[in-house]
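Before any questions on how it binds or moves, here is one chain, the form predicted alone, in C-alpha cells.
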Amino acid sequence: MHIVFAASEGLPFVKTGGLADVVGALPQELAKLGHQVTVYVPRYRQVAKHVPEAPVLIASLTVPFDYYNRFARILDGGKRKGVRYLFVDCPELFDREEVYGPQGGEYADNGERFGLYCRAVLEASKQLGVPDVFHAHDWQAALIPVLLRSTYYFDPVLRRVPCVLTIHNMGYQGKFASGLMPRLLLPWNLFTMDKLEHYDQVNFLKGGIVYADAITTVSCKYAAEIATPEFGYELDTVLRRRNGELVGILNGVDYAEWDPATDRNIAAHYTERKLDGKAVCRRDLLHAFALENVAETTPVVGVVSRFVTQKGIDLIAQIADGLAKEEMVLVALGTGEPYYENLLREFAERYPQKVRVRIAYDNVLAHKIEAGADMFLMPSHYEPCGLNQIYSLKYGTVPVVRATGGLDDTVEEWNAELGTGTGFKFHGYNPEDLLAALQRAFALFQDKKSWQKLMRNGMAQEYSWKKPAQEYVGVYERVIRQRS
C-alpha cells in the first residue's frame, strides 16, 4: 500500500507541537510493516536550514489563484528509515521566521499558504506517485479531502483515491474570511452550512470533516469528547453527523528517543529493575535549576509544556500559595502566551527556594526533567492525546493529570489496596481538585516501598507505535475498499 502523509510539520525537519512527533514516527512504523510511505511538508526556513541542499524533483508546479498564478517546486528530502520525504517549496509563502505566525500568532495569509500546499500535494502526487490513500493532518491539510471530492472529482487519476483526516487538536480549525473562496478558486457551492461555511467564514477543518472518507483523532476519550459542545469548538454537531466514520487511535511514542535505559541526554541510565540512576538524574536536574539542599524526602515536580490556556497553567497559578506551603519543589520548562509566562515567572519570584521556571524550548532539559523529576504535572483543560505523560511513565516519573482525553486513557489512578495504577488523576477543572491530587501524590511519596511499586507499574506500560500503526492500516484498508 502507498500512503501519502500531508502535514504542516514533522520531525526531524520542523516542530511546534505533538503533530510533528506523530508525523515523525507513524510513517516509519508503517514502513516497517512493508508499506510505501511518502511525507509532504512545506519547506519553511527551518526546513531549509535543516536540509540546505535538496534536489529538485519538480521545477515548477502551477497553482492558480484568482488573478494570478503561484508556482511551487517539489524538493527531495531524502529517505529515512524507509520513508520518503518531499518538500513543497514556495519561498514567498514559506520562507519565514516562524511556521504559523509571529509570537504564537497567525500570518494573515495562512489560508493562501496552506491552500497552495494542499493543491501542490495533489498535483505533485500525480507526477511522483499516486497513493492508495492520502492521510491529511489537521486544518492545514484539511483542504485535500475537500479538493478530492470537488474540483478534482472528475480527475481520472485521483477521483477514486480516499483520504483519511486526523484531528490532533479541535481548538485549531483554520478559519478565514469568505473572500478566500474565490482567491483559492474554490467553487461557491462549497460555501454552505453543510460544507465549508461556518458563521460566515471558511473553515478548513470543517470542510475536511465533511469530505474525508474517515476521521481519526489521537485517543479514544478525545474522540468522544470532541463530539460534545464542551470540547467540539462549535463543530460537535458536524462530528456527530459523521460519528460512524470517527475513531480514536491513541498516539504512540518513540522509545528510541524516550527511554531512560538509552537516553543520551540524561546523567545516568536506569531501568524498571535497576532504578539507581534515577537518583543521579534527580541530582543533575536540581543542579541544572540551581536548587540546593533539597532533601531526599522532598518530591520534585516537573512541568514541560506550552504555556497556553489549554494546558491548565491558570490552575497552577491559582494554587501557587497553597502549593508553596507543601514540602516540594517545582521546575517548569516551556514557552507560550506572555500572560502565562508572566504568571509562572511571578510564581518563581515569590518562592525562589521552591519554584524555578525556564522560559525556553530546550530538548535536552526536557529529557532531564522527565528523568530527574519524581512527579510530572499535566493539569490540562483538554488534552487530545498528550505525550509527556507517556514519557513520564517510561521514566518512572509519576504523572499527576486531569482526567481528560489521552491523559485519562493512559493514566490509571493509584489503588493502595491492590497496588495497581500508574499515577494520580483529578476530574473537575478547578484548583481544589488539582491541589488534592498533588497532596495524594506527596503523601504516597513518603512511603518509598509503595512509591517504587507505583513507579514500576508505570515503567511496565507499553505505548509504542506498533499497535496504532496496525489500527491505521485497518482504517486505510476500509476506506480503500469503500472507494474501489
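Counting begins at 1, following the sequence as shown. None of these values were measured; they are calculated from a predicted model.
Another form, the form predicted together with alpha-D-glucopyranose, is not on view; read the next lines as being about it.
Problem set entry | Exercise: Leu285 in contact with alpha-D-glucopyranose in the predicted complex, heavy atom 4.5 Å | Outside the cut-off, so no.
Exercise. Can you check whether Ala25 is within 4.5 Å of alpha-D-glucopyranose in the predicted complex, heavy atom basis?
Worked result: No.
For this session: Report whether the minimum heavy atom distance between Thr271 and alpha-D-glucopyranose in the predicted complex is within 4.5 Å.
Result: Taking the distances in the predicted complex, the answer for Thr271 is no, it never comes within 4.5 Å of alpha-D-glucopyranose.
Exercise. Should Ile266 be classed as touching alpha-D-glucopyranose in the predicted complex when contacts are defined as heavy atoms within 4.5 Å?
Worked result: Heavy-atom contact with alpha-D-glucopyranose at 4.5 Å: absent for Ile266.
Exercise. Just one stretch in 148 to 156, 71 to 79, 161 to 169, 315 to 323 has heavy atoms within 4.5 Å of alpha-D-glucopyranose in the predicted complex, so which one is it?
Worked result: Selected stretch: 161 to 169.
For this session: Could you work out which of Ile226, Val218, Ala373, Leu196 is the residue within 4.5 angstroms of alpha-D-glucopyranose in the predicted complex, going by heavy atoms?
Result: Spelling it out, the residue with a heavy atom inside the cut-off is Val218.
Exercise. In the predicted complex, which of the listed residues (Ala212, Cys281, Cys118, Cys385) lies with a heavy atom within 4.5 Å of alpha-D-glucopyranose?
Worked result: Exactly one residue meets the criterion: Cys385.
Exercise. Going by heavy atoms, what in 11 to 32 lies within 4.5 angstroms of alpha-D-glucopyranose in the predicted complex?
Worked result: Contacts from 11 to 32: Gly18, Leu19, Val22.
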